[in-house]
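Shown below, as structure tokens, is a lone chain in the form predicted alone; questions about how it binds or moves come after it.
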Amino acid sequence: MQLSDLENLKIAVVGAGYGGAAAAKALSLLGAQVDVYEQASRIREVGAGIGLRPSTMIRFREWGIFDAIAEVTSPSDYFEILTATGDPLMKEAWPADGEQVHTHLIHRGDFIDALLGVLPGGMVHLGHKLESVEEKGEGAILTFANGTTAEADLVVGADGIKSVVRHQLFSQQPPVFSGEHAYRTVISTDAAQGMVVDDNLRMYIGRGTKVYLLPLRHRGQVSFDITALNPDGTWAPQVTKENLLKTVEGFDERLVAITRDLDMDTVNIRAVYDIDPVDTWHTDSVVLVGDAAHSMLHHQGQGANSAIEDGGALADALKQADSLKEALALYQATRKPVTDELQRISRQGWTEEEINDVFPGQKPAAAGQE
């Protein structure tokens, strides 16, 4: 699209999470008028740490925000998978694309704060819970629960796994329960039983349970996550310390000790859901990004990274295509095959037998030792 067309484009982003904030940044750099509408009255990310892959960090460099993100992260060299008792199964060096960009480990709260902090003042409107989106002419009208409305040439649905935009215009299929729970918290490095010695992510696999240790040494902390099989699909289930300890039976005694010492008031407990692939992500004036388009299980750590890539790909498509309609089609053609595959792989989960399917050619070093 021509620069003048982009500068006249009025864009409404629904949702101020990773995907929404990233899309807003990328689209605002095109010169478009961007407003972000977030249902919460304040932004608060709970839970744990995530890894920002090199391709994501390269996007941040393109957008001029690399330093703002990197200063609240720890660069990491590799990801390691071990048995429950610590025998090595697989070690993957994080890709080092471009100018030797590392994967960076970051707390979710720091990440969203940093992303929102690089958006222009007044762009984000809190307390705007979307009730409906209606296409009208060459644009769309948003209606919010607070009684306000907004019109835009392009609506970007970045409103997460329970997306109103997706439900109203693209798919009414509900989220899909994975049969797992995720228990996530952040503890001090001193409380990690000496298991955090560098800045590399490690995952321990037991029967039906995965335990993740993701260092946040720039904060003096470590993200401690347990993902365990559980048939209770309640969105926010009630779980006791005894329940958690049962999930780590047979694991390294240090991991059991960490679990035993947890303050349950600090543990974020959620049933794990994703969505089935959505056939179409866009109309002529509305498009989906992030979890609204392709929510996936967290086993590959690709949810946030995929949302960031969506924002970049959408901005790229708007620059490359001759019209808004062509740009949205190009965006979907670029991103959907990638995220469909990530959704598929993430549903495999992690077992010793499946590691080679996820990492072709990397035969487990110690399969069967558990």
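All of these numbers come straight from a predicted model, not from anything done at the bench. Residue indices: 1-based, along the sequence shown.
There is another form of this protein, the form predicted in complex with a small molecule, and it is not shown here; the text below is about that form.
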Exercise. Want to guess which of 257-265, 283-291, 241-249, 166-174 is within 4.5 Å of the small molecule in the model of the complex, heavy atoms only?
Worked result: 283-291
Exercise. So in the model of the complex, does any heavy atom of residue 39 sit within 4.5 Å of the small molecule?
Worked result: yes
Exercise. Using 4.5 Å between non-hydrogen atoms, is residue 16 touching the small molecule in the model of the complex?
Worked result: yes
For this session: Please check if residue 312 has a heavy atom lying within 4.5 Å of any heavy atom of the small molecule in the model of the complex.
Result: no
Exercise. Given that the partner is absent here, does residue 27 sit within 4.5 Å of the small molecule in the model of the complex, heavy atoms only?
Worked result: no
Seminar exercise, completed: The one option of 70, 32, 324, 304 with any heavy atom within 4.5 Å of the small molecule in the model of the complex is 304
Exercise. From the list 210, 202, 104, 184, which entry has a heavy atom within 4.5 Å of the small molecule in the model of the complex?
Worked result: 184
